[in-house]
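Starting off, we have a lone chain in the form predicted on its own, written out as structure tokens.
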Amino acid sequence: MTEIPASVLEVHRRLKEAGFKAYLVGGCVRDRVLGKQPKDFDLATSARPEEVQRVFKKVIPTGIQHGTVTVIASGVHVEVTTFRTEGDYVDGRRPEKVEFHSDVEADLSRRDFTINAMAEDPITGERVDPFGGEADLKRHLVRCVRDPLERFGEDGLRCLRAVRFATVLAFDIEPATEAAIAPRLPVFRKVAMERVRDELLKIIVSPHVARGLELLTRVGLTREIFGFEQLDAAAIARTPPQVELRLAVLFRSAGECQVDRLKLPSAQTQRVRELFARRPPAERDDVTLRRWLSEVGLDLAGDLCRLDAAELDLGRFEKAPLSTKDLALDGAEIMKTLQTSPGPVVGKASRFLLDQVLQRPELNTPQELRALLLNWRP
């Protein structure tokens, strides 16, 4: 089982001793079920913000209007949120009002996906899982809590979050959940690009980026985010997992650099533009390369070479015949076919056959190569 920080356990214990309910909630519970060490631990409690402030000496009212405060325990910041339900989402981004609640299941019912709608007592191990999140984790499934059309209608970003979780966890999206994304794209359009960008970049740097981009395209989000649909997911996946590199290949494969849409920091935006627009020189003599390196610098030059390698996809040639050793006929078979003895003619015949299969790899069979030799003249 993963380790829970002592500061989190201390806050949990003191809330329970004060007579309140308290649970780990959300992503940390999901990660613990998966056997992963969570990056963050969030506590939800039946205590209202003012009650949390009475229990602890050092409390920062970070989001008190939404029931969230930060407790400082043993010098560590621990986020604590009151159980809550939410009113209608009038703008597709945030609820009109928040109501505090004493029931953890009511709190879990407002969450986006079943795998994020679990709570756990860190001391007893008791788990509250009213929507089958643990079962969905075992099935590798991203599924909305209750009605997906309703969930996506509340907050349009959840459409993209579904793809993000499916990508980084290598899960599938449950069919009804996936089918509900396209009808809610008008709600997605209301989401600030900064929120979209933060989710998107987690997909871009994921080891499963090709899966994520395929999902984005399938549900219609690629066009919404980038303004186009055609991209080379395989080339992007071959690129080192750095935001600027993968975005540059993404825009290169589409033929247009729409990086400004993403509202990245200006330095990142400029880097993507440079990587999109520049290429290593066609001529590779020392003088040309020195001049090129003087112009662009070693750092940018290295990235440009990495992009070229990703776009070339040299891996597809791994099984291709690239030398005479790869020919389907060896020297003995060539001599037998030509009815000759060892000598220069065998080497000439091998080079002739290699030239033919470099042009047409499908010719690299014993039958095809013998036919070529019978019509060849040294």
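A quick note: this is a predicted structure, and the numbers were derived from the prediction, not measured. Numbers for residues come from their place in the sequence shown, where the first is 1.
There is another form of this protein, the form predicted in complex with ligand ATP, and it is not shown here; the text below is about that form.
Novice: Please pick, from 271, 184, 161, 211, the one residue with any non-hydrogen atom lying within 4.5 angstroms of ligand ATP in the model of the complex.
Specialist: Checked against the cut-off, the match is 161.
Novice: Identify, from the list 190, 278, 127, 195, the residue with a heavy atom within 4.5 Å of ligand ATP in the model of the complex.
Specialist: Contact with ligand ATP in the model of the complex is made by 195 alone.
Novice: Going by heavy atoms within 4.5 Å, which of 217-225, 131-139, 73-81, 106-114 lines up against ligand ATP in the model of the complex?
Specialist: Stretch with heavy atoms near the partner: 106-114.
Novice: Taking heavy atoms and a 4.5 Å cut-off, does residue 32 contact ligand ATP in the model of the complex?
Specialist: No, residue 32 is distant from the partner.
Novice: Counting only non-hydrogen atoms and a 4.5 angstroms cut-off, does residue 202 reach ligand ATP in the model of the complex?
Specialist: Looking in the model of the complex, residue contacts with ligand ATP include residue 202, since a heavy atom lies within 4.5 Å.
Novice: Taking heavy atoms only, is residue 57 within 4.5 angstroms of ligand ATP in the model of the complex?
Specialist: Taking the distances in the model of the complex, the answer for residue 57 is no, it never comes within 4.5 Å of ligand ATP.
Novice: Does any part of residue 26 reach within 4.5 Å of ligand ATP in the model of the complex? Heavy atoms only, please.
Specialist: Looking in the model of the complex, residue contacts with ligand ATP include residue 26, since a heavy atom lies within 4.5 Å.
Novice: Within 4.5 Å of ligand ATP in the model of the complex, which residues of 136-155 have a heavy atom? Give them in sequence order, or say none.
Specialist: Only 155 sits within 4.5 Å of the partner.
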